[in-house]
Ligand SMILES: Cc1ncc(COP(=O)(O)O)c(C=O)c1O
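Okay, here we've got a single chain as structure tokens, the form predicted on its own, with questions on binding and movement later.
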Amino acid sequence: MAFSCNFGIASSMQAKARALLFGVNLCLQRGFDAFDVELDSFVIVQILNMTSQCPWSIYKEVQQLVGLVSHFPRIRHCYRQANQVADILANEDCRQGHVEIYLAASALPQLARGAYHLDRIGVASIRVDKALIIHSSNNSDLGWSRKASEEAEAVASLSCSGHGRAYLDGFVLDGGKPICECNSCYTGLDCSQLVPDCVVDADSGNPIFLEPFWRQNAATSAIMMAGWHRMGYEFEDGSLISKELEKKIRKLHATVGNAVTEGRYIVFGAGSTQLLNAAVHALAADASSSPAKVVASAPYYPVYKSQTDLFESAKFKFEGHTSSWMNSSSMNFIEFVTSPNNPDGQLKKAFLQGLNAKQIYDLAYYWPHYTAIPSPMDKDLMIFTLSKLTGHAGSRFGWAIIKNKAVYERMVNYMDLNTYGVSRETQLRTLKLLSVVLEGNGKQMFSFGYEAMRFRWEKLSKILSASKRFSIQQLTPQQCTFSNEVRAPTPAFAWIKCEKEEDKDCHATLSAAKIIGRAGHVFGVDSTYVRLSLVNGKDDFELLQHRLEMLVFQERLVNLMAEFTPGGHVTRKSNFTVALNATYVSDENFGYYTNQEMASEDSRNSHVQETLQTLY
């Protein structure tokens, strides 16, 4: 007996856990009361053998399997190569999209039937551990590119249990074997162990959510560079920018329709951070004897203030909110306009107008995976960055699109004196990445990014919609010219407000719940606000989701208990204690809670469970 079943969008671990649960139930339905289980997920085997903690994302499935474990007292790990029939059927799941049960070997798909017969006659499958391939230094028949690609493949083959990754420039063990670098809240040599009570980092803006896309496109996005690649300062024409990359950037904007580049100049920089100050420097040169006032509308990206203050220039000075200067038309202003805005995702326009007001449009998030594109931006100075477009924040690449030649020349001069351009390796990598982005007119990557961000926004919005203690920014669907449809909001950040007086330091409130965000005061607003990043990796987002679910659940529990408490008052401390003692609570809104001693806590917490049932 065998089956194939499509479980929809799920992680590899979720799919394996659901497949195991489906298979166990199928065996019981068919009258098999006792059987062994072999699984090619070492992590799930450890969880069911109670030697590893259970991630909350598969808690529901594991809890049900624990209740059935008496039917399969032995559960063992096997390699995928020794489980080829199941592996082939898993691929069949993805193609056919429905449940198929096979009651005879003759009914199996052709490839699975062949693997089944090879198993029956005892033909072994071969498993090669690429990470252990060692090449002799005198093996002269291998070219440099082949050696380099094999090294890269060996590192990329390390799965790190899906909760980390290994790198060519990462740490290595004695003998040269790479070490897994684990995601936040995971540890162990293979990153399979969840750290109990881990603090969730929702402060970082690392756009790791796009990593799965680049893993899927590993071959087309890879580059190979010889040791002698562009060793000089300039390109052959004496410039510091790749003309092919410049053409690719212009094509990208024309394809997406988010910026006008025709008749404009383009400058490259080390991320948008360098370009922002280069732009301020270039625009401030037109100011009179008094420093130009650098302003932004709150909430604003904190780097605008910190970077302007750092340079302590006589030509410009940060002067706070635009609203403080709306009647000062005689002064010289440089206004940062961020659209969509960091942190609240709103599409913004310039606040100050007039001959003495100049604008720098920071369009880091003006791409179809973060916002609908209503029309191309046609501004005097616009800045974009690779980090938010493709997720490659570490490559440090950005570009400015400039209308005025004098401003362009001053920015070029700034870049020449500051870093003498952007590294050739970075430009080559960017050229390769943008080639992948443009495949299929950009639909593939932007669709992937949009669906990922839409899922995350809908999850958090649904959780916080049940709360009166916390609120989230309101964004509306808009028409997108790139996709030619009305698109739901997909912001990069959740802009959270604590609504209760006792939570006026919202950052402290969330920190107490083991959530680290970025405090509102650094964005120029009061402390009732906190920014939470939605662009981190899957593990970080799932842990953030879990923590927020717990906070909202605790709030509901406090409200419920207040109805049955004399005087109607329940302290948050008592609520926190009850919530932590609960074994788990599940429903479609609040997911699954706690992974501690899931099989032994039921009796101790039965009184809590009875209380919780009232919630639903």
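Bear in mind the structure is a predicted one, so any value in this text is a computation, not a measurement. Numbering starts at 1 and runs along the sequence shown.
The form predicted together with the ligand exists for this protein as well; it is not shown, and the discussion that follows is about that form.
Q: Would residue 388 count as a contact of the ligand in the model of the complex, using a 4.5 angstroms cut-off between non-hydrogen atoms?
A: Answer yes; at least one heavy atom of residue 388 falls within 4.5 Å of the ligand in the model of the complex.
Q: Are any of the heavy atoms in residue 536 no more than 4.5 Å from a heavy atom of the ligand in the model of the complex?
A: Residue 536 lies outside the contact set for the ligand.
Q: Quick one: is residue 546 in contact with the ligand in the model of the complex, heavy atoms, 4.5 Å cut-off?
A: Although the ligand is absent here, residue 546 would stay clear of it in the model of the complex, with no heavy atoms inside 4.5 Å.
Q: If we define contact as a non-hydrogen atom of the residue within 4.5 angstroms of the partner, is residue 467 a contact of the ligand in the model of the complex?
A: Flag for residue 467 set to no.
Q: Only one of these stretches, 369-377, 474-482, 165-173, 337-345, has heavy atoms within 4.5 Å of the ligand in the model of the complex; which one is it?
A: It is the stretch 337-345.
Q: Though the ligand is not shown, can you say which of 442, 271, 489, 257 has a heavy atom within 4.5 Å of it in the model of the complex?
A: Here the answer is residue option 271.
Q: Under a 4.5 angstroms heavy atom criterion, identify the one residue in 304, 446, 529, 333 near the ligand in the model of the complex.
A: Exactly one listed residue reaches within 4.5 Å, namely 304.
Q: Using a 4.5 Å cut-off on heavy atoms, what residues in 348-378 are near the ligand in the model of the complex?
A: Residues within 4.5 Å: 362, 364, 365.
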